Ligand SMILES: NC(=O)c1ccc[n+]([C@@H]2O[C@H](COP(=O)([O-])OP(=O)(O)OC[C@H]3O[C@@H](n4cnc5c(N)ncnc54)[C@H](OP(=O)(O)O)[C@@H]3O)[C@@H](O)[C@H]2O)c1
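Given next, in structure tokens, is a single chain: the form predicted alone.
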């Protein structure tokens, strides 16, 4: 991977852990100058305190002014990766409008606004990577809001790929990955869930953040790939 992003600048939107951190480190290893952006600057600064080639900026995917402001501060940029999400889980009786709206605002409208403000600052070789998720293709009770948000993100990637061409736009659709998102289940609950998923998945394991970072690097560096959703899910929809 060394040198594939040499002399390029990559903006990674998200937290200082999980997918975002793995992507930041992979992009740095590929030679990119990386900007890590999110709402909690202090947490980001702490996460990348030892990464001297990673700069930290403020950005709120639900606030157009913050997106426009960051695009003005950064100027020319090569790639943008948005990992942000705000999941609205539960059956329909448990869902509230504000939660569903925030899910769309963070994972669909936010990346759309990133494209609006950053695409004009990209060269023809630039690209966007946004995040979808396995719930879009494996429907189950209790994840409806997550599913429709992810399906909208898939449609957004295809739509942007056509409108922004030759700038490339792709989506990553992770399956079950240990990012900390499942910690609310408790240690025993999470271990049982992961064991069950590993037993059912064709690859017989759950995903790692490295699996997802590798897919993002492929999307960033594959100049003939656009308008696609890469399903990095261990074959989960087949079960």
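Note that this is a predicted model, so its numbers are computed, not measured. Numbering follows the first chain given and starts at 1.
This next part talks about the form predicted in complex with this ligand, which is not shown.
- Residues of just one listed stretch (155-163, 92-100, 115-123, 130-138) have heavy atoms within 4.5 Å of this ligand in the predicted complex: 130-138.
- Think of it this way: in the predicted complex, this ligand has a heavy atom of just one of 213, 176, 70, 54 within 4.5 Å, and the residue is 176.
- Proximity to this ligand in the predicted complex, defined as a heavy atom within 4.5 Å, holds among 197, 181, 29, 33 only for 181.
- Contact check for residue 39: a non-hydrogen atom falls within 4.5 Å of this ligand in the predicted complex.
- Using a 4.5 angstroms limit between non-hydrogen atoms, residue 85 touches this ligand in the predicted complex.
- Put simply, residue 62 is close to this ligand in the predicted complex: some heavy atom of it is within 4.5 Å.
- Heavy atoms of residue 15 reach within 4.5 Å of this ligand in the predicted complex, making it an interface residue.
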